[in-house]
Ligand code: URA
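So this first bit is one chain, no partners, the form predicted alone, shown in structure tokens.
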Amino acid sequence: MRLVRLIGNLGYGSRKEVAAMFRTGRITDAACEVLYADDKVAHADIRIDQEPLDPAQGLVLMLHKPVGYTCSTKDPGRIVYDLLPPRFRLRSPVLSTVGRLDRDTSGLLLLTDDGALLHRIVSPKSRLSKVYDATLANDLRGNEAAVLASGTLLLESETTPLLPVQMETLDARSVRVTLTEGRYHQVRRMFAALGNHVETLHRSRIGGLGLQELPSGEWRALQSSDIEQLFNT
């Protein structure tokens, strides 16, 4: 792949803009030698303004999503892509969220341009666990954990019961739940079905991967070892 196309696909600019970057000497190798558009050089050795080139297709990001952001590209309000470098929105293939967290939910969100990996993560066959901490509007009655674990709870307007959900009581109005499905607004809807209301919701883990002290609003690129950890449950 020609360097102009490679760099353009990573969102650094149009082909015309990237060609101009070559002409002005902004693109170099690791030894600070100016590169030309027809050079053959390893991806890892390319620098733009002396910074390493972003990873090629197969990029996976972990984002600590704050409350108030949506997982959309068209929402008129704040979106999760506002928390990333602007060029990430211009990558080809597109960088997509792996599932969604609603505006009022914080926590671990994954993004990737690897379609096969995205499908593997969200596929019901993977049964990847997802851990959420929730605060509730009302005190627990005491039977919620048993009902959720039974695999018999029906959500409103649905005819298939939820798969068993593990619930740990943290205090009278705080719980930690672990589920292996990804139904629409599942945690909020299942507590509504139990006669309660979720006031705050935070996702702390997907599979074997946690936020690992990543501050709210921050992101990091995942390594192959992180992906292995994700599926190591």
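The shown structure was predicted, so the numbers you read here are calculated from the model rather than taken from an experiment. One rule holds for the numbers: they count along the sequence shown, beginning at 1.
There is another form of this protein, the form predicted in complex with uracil, and it is not shown here; the text below is about that form.
Put simply, Asp82 is far from uracil in the model of the complex: not one heavy atom of it is within 4.5 Å. In the model of the complex, uracil stays beyond 4.5 Å of every heavy atom belonging to Thr178. For the chain shown alone, Arg188 is a contact residue for uracil in the model of the complex, at least one non-hydrogen atom being within 4.5 angstroms. For Val60, no non-hydrogen atom is located within 4.5 Å of uracil in the model of the complex, even though that partner is not displayed. For the three marked residues, Leu101, Thr105 and Tyr132, a heavy atom of each sits within 4.5 Å of uracil in the model of the complex. Residue Leu201 is the only one of Ile27, Val165, Ile206, Leu201 with a heavy atom lying within 4.5 Å of uracil in the model of the complex. Comparing 180 to 188, 167 to 175, 29 to 37, 44 to 52 against uracil in the model of the complex, the single stretch with non-hydrogen atoms within 4.5 angstroms of it is 180 to 188.
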